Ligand SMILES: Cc1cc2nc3c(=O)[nH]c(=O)nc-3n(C[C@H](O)[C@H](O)[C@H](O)COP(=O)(O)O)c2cc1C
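For reference, the chain that follows is the form predicted on its own, supplied as structure tokens.
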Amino acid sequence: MTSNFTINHQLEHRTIRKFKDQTLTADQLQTLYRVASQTSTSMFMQQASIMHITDDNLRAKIRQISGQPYVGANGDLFIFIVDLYRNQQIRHHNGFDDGRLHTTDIFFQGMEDTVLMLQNMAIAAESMGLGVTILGSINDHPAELVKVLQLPKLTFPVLGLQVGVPDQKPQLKPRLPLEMMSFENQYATQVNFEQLAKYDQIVTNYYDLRDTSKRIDSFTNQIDGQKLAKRSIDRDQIVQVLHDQELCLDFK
């Protein structure tokens, strides 16, 4: 397998949930912003923005929304936003209507821009010796998050990113065998459950030995558990919140 600094760095990715009590320097922050700004963007629409959350009260509210005690506790907290508002204002300023800004197609393009921007920043941060954790939990209560962030219509917070100096060194979490997630020309519909059982044992050993938790678990046990079980949660409101933000209005 080809090996270089970038590949080795990506293969060593670990989620960091404990950071030292220090924040990014001005140079580190500007470097990360510059990297984010150079991310590929669909049709050159640049439909993504970043909020740097430094206010302690705001961080506490986001922590409560996410239900994760490490969110905004230490390090720097960023919220990545699908941002169609800016382009709406440009169109209005120049005498045009909203055009296709309220369609699912344009929202998905903004979503792609936003997720790619976050990933670029995360890779850059890790290359600088920093640690990161990507926060999907910020949308556990999506309507409340939009309100807390005081976001205008045509915006939606997709993911959070916490960046800082690591204060832990967790073990590398094992991923699915490549044969189960990479296909050539045709999707393989037959799941190899024998291979999956072997992977389950690897995951169980990981949970048994990892530094930050003593829980014993497997991959299939998590798939069969509460994560995908039928139940009502606030994340089910996402489509309604998107509509409230005047996004994806053609999908009702």
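Nothing here was measured: the structure is a model prediction, and the numbers come from that model. So that there is no doubt, residue numbering starts at 1 and follows the sequence shown.
We do not show the form predicted together with this ligand, though everything after this point is about it.
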### Task
Let me know the one among 165, 151, 124, 134 whose heavy atoms come within 4.5 Å of this ligand in the model of the complex, would you?
134
### Query
From the list 15, 25, 240, 22, which entry has a heavy atom within 4.5 Å of this ligand in the model of the complex?
15
### Message
Considering non-hydrogen atoms and a 4.5 Å limit, does this ligand approach residue 70 in the model of the complex?
### Response
yes
### Query
Does residue 159 reach this ligand in the model of the complex, with heavy atoms at most 4.5 Å apart?
yes
### Contact test in the model of the complex: residue 173 vs this ligand, heavy atoms, 4.5 Å
yes
#### Entry: Stretch in contact in the model of the complex with this ligand, which is absent here, among 135-143, 96-104, 72-80, 177-185 (heavy atoms within 4.5 Å)
135-143
